[in-house]
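Shown below, as structure tokens, is a lone chain in the form predicted on its own; questions about how it binds or moves come after it.
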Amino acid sequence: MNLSSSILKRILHAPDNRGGLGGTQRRRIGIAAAAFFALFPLLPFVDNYWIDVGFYVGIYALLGLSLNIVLGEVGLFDLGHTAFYAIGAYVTAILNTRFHVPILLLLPVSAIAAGLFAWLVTAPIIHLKGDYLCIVTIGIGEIVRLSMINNPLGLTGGPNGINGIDNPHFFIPILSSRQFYYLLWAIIGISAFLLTRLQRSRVGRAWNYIREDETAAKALGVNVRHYKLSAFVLGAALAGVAGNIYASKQMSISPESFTFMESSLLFCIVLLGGLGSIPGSVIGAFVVTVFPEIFRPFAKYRLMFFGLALLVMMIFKPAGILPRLRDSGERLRKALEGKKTGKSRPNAVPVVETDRAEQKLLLCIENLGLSFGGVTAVSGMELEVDKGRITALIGPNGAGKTTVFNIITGIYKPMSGRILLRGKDISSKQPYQIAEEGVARTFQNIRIFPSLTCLENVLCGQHSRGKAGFFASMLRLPSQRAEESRMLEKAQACLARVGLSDSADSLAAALPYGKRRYLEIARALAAEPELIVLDEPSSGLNDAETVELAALLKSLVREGLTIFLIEHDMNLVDMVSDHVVVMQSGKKIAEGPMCDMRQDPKVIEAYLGSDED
């Protein structure tokens, strides 16, 4: 794992991201902070100098909120975020000075321009991760800055920038530092309000799933590319708004205001405040803006101060000054309903008895083949999974079983053959599309989202069953509230189904190993699948837990599910399987009831080997 990814994971999975101040204390502090910022310019000892400092705290807070979407919510390294800030400022300056478009009308224009630019430059590179994405974003920031210096088409004014930018008019001209201060902080308040709603929605959870484990997220129905791009576009649009306000306040802009150092400063703001924390971004902006003013005599040690501060934070409080507090299920429900509710009772999972006389083919694999370099992982594989049955795929280590599962769920694309689900070819579909078709899975090596609650983990399964997007989530439309309520009920029912109701509001990382297995199963059940694909579900379980798992799997089949599992525990296979397929060296060597497989010479040879002549 590369260095930057290791640092980010340490911060994201820091043990204190549930500790510290509770929700009630945070709300009180938030109210006090809002009152302070509202009254700050009116205090008798505050002059225009400190009002200007408060304005720049706001600029960095808005930029911190914009980068927090990309870095804190989705976990994407962006060290060129100042490029979008510059686009907003220059679009405002050019259109105002050349075409006399009013500043406030340019507020949405600058947001759209920065968002469109972000989409154009990040769409080709959105698949990059970690250090590679970080390096590319640095390049984007420098390209934008150098373009402004080179004065393309005579628009940007070169190194001298653009002067003579108008002040905004909102019924009256906004001229004084106090007026700019209130305009900016009003925008910050609105932005924070809407971003908080996004965090508590299907969209915000999708961002967090990608940050935690991209592979698991896409396998459970999250369109990873779409949500990564949306985070960049939304973050850039908010940075463009900051650029508009900055340009109108300064009345002039130049390339020296949009350097790599500014992007690094924004990175520090988000890390210091706490990744994913909206109030944390504001606190981080306050720290990096006010402290240099207080210690101005030591300004030349500014970089050393930030480096030391980050080092101390990494050691003593790696989650940040005010890390994000995960919402409980009850708090999410209160936010949806807008009033206090009693303890909700999860609905029972409906039981749908399957008529064995009407078995139908659900999944069919035909001549499946896949190689990695010169190594053949799967060759000519064929099998069928009947509806309403438990089919087991067994074989020695390295036989290619997990590769078959990865092909079925779209993580790998086959080089030959095809996969039919209810007669429909899904071989070329993306993982999120296959999840939408009714296939959910668990993983051989548990892939839960450790720094999210168990309830949030299970809500991932419901993602593909929802439709609410950005605007519905920010405006909290009735349809979105109804959808979120249904998702919560389903997730709570799935947790209850596997015996994890009491752990709903606990972080997934706090669960013991066995319960993590059940959490994965609950998450798959929440996807409302027709076929559930389990990769070694009994791994790490003791005998008693294995018996409980067998009872759960058989009951799920009675409720209408079809199960396809990989398993090394032959006792579990014996207890639950209706049909067994045996693989060796990427090929099927036998199939039938488990009692027959125990006597099959090929199966015995595959597991035990044969004597040499």
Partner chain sequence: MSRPVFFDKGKKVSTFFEQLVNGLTVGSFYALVALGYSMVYGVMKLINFAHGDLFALGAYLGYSLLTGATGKITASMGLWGGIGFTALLVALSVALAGVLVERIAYRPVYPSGRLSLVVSALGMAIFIQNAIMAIWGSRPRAFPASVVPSLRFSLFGIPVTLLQVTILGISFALMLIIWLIVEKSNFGAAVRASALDRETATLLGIDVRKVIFFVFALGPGLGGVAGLMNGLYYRAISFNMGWNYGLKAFTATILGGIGNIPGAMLGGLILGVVESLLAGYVSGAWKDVFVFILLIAVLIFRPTGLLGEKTAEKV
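Not measured: the values here are computed from a predicted model. Positions refer to the first chain, counted from 1.
Omitted from view is the form predicted in complex with the partner chain, to which the following refers.
The three residues 143, 146 and 215 all sit with a heavy atom within 4.5 Å of the partner chain in the model of the complex. The single contact residue among 399, 237, 452, 411, judged by any heavy atom lying within 4.5 Å of the partner chain in the model of the complex, is 411. Site annotation in the model of the complex: the residue of 489, 366, 131, 528 reaching within 4.5 Å of the partner chain with a heavy atom is 131. The stretch that touches the partner chain in the model of the complex, counting heavy atoms within 4.5 Å, is 74-82, out of 74-82, 377-385, 226-234, 504-512. Of the heavy atoms in residue 304, some are within 4.5 Å of the partner chain in the model of the complex. The closest heavy atom approach of residue 318 to the partner chain in the model of the complex falls within 4.5 Å.
The closest non-hydrogen atom of residue 361 lies beyond 4.5 Å of the partner chain in the model of the complex. The partner chain is not shown here, but in the model of the complex it comes within 4.5 Å of a heavy atom of residue 268. Although the partner chain is not shown here, in the model of the complex the stretch 231-255 places no heavy atom of any residue within 4.5 Å of it.
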